[in-house]
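Take a look at this one chain, the form predicted alone, written out in structure tokens.
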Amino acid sequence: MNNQGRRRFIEQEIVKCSRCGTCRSICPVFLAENNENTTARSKNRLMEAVLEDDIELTPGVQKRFEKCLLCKACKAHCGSGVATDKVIMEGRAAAVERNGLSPMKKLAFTGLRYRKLFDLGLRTGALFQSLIFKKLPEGRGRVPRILLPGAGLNQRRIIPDMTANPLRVRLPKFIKARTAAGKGRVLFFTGCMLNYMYPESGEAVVGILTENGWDVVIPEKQCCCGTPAFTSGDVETGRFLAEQNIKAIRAEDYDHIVTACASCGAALKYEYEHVLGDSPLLKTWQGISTHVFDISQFVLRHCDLTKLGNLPIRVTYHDPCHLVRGMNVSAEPREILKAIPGLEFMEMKDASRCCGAGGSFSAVYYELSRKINDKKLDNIEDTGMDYLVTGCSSCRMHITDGLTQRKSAVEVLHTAEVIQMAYEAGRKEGKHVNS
């Protein structure tokens, strides 16, 4: 879609908005602040005024477009189906074009363009993180030793332990299936957080796939999916990263593509269409997108659930926004969890409501994101379960921070880790897949 096409699309979406106010009842930011300026209908009106040159895209207007989690709840509950998430992203892009990015985001997104330099920077940072961050017991992450400005670190925000041995270094590019009869080849798009912060979740994904007879290939030249950049309005960087990933995927042989990050999956399967615009790689992406599955979708369709062993743990599940509304994945993880022998599952209230992470939103508006998160934490603890399971590393980081801050005993696991634990239990019980 070229620029004219994008403008027509946004104008059509704005016209569909009847200003009914349904968005007020489900917008997590509005519910936390009770401010009409934060609603979807308000932002649609704001964008209309921008397009009609009634107002200028001042830094103040830019901040109003920024104050949204892009959780897509307004779109999902809108009677007219207004794609307010796309309207807001266009507003952010226009504002960035006029006013630029914040210095911190500009530095970060520039770094994303240089894959090897980005990798070296994070691995070097991991080696020296103990100088600034203190490690917490029981693997709950790290907390700043001193109060640091930005991203909530001045309030001792808890962040994951960054590994000096990333997933894509731990694992070879090609991993053979454990079974004698192979089923085919899966391309694993790891994303950044599984690579640098939660490599054990990525190893669980590979374990599940190889246990079930799938060869795995991990493209060496994959880079950030681009979500942090294009959702912040840096369309140029988002498109650059999308094109790099399409080239990296196109260079490999595969039958399916698996992701274990909600944001990466939504980007690869749907969001790139809007990001790529009139890129010559749009058609290549259209072919790729049909092969993309979240790990829970793939397990349900292509793996053997009868080999899951007894796993006596008590869990509830949080729907990441980019899975439940970004990829339409909600039933699959629940169906798998309920198929695990011995596992007790209890649904929480408002499981699909945003936890407040929102990628860089929680870094810029940490206090507000904590307020939104508190509702989620209450609902998690009300279930009385011991574990919170989710399929998004950003949600995992934010929820772990909140649980640890309130000294909760509830632990957070990735869906893939629970599935892998059940397969390991099955192996001990003699339930070898294809044995």
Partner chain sequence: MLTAEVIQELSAVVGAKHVMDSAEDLIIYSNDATMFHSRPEAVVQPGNRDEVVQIVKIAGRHNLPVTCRGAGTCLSGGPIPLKGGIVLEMTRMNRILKVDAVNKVAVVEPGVITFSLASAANQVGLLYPPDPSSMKESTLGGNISECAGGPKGVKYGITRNFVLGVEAVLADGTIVKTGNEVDGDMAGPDWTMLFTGSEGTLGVIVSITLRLVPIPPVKKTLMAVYDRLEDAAKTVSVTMASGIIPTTLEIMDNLSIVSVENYLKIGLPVQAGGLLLIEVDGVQSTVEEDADHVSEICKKCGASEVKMAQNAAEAEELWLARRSINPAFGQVAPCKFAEDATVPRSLVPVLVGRVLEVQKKYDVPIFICGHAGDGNMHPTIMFDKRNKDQKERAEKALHDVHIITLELGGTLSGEHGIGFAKAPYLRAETGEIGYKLGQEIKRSVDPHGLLNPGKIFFYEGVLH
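The structure displayed is predicted, hence computed values, not measured ones. Positions refer to the first chain, counted from 1.
Below: the form predicted in complex with the partner chain, not depicted.
Colleague: Among 362 to 370, 384 to 392, 406 to 414, 60 to 68, which stretch has residues with heavy atoms no more than 4.5 Å from the partner chain in the predicted complex?
Modeller: Going through the listed ranges, the match is 60 to 68.
Colleague: Taking the partner chain as it sits in the predicted complex, is residue 379 in contact with it (heavy atom to heavy atom, 4.5 Å or less)?
Modeller: No - in the predicted complex, heavy atoms of residue 379 and the partner chain never come within 4.5 Å of each other.
Colleague: With heavy atoms only and a cut-off of 4.5 Å, decide whether residue 420 touches the partner chain in the predicted complex.
Modeller: Heavy-atom contact with the partner chain at 4.5 Å: absent for residue 420.
Colleague: Using a 4.5 Å heavy atom cut-off, state whether residue 48 contacts the partner chain in the predicted complex.
Modeller: Close contact exists here: in the predicted complex, residue 48 approaches the partner chain to within 4.5 Å, heavy atoms only.
Colleague: Taking 4.5 angstroms as the cut-off for heavy atoms, does residue 19 touch the partner chain in the predicted complex?
Modeller: Taking the distances in the predicted complex, the answer for residue 19 is yes, it comes within 4.5 Å of the partner chain.
Colleague: For the stretch 24 to 45, return the residues whose heavy atoms include at least one within 4.5 Å of the partner chain in the predicted complex, in the order they occur.
Modeller: Read in sequence order, the residues that approach the partner chain (within 4.5 Å, in the predicted complex) are 24, 25, 34, 35, 36, 37, 41, 42, 45.
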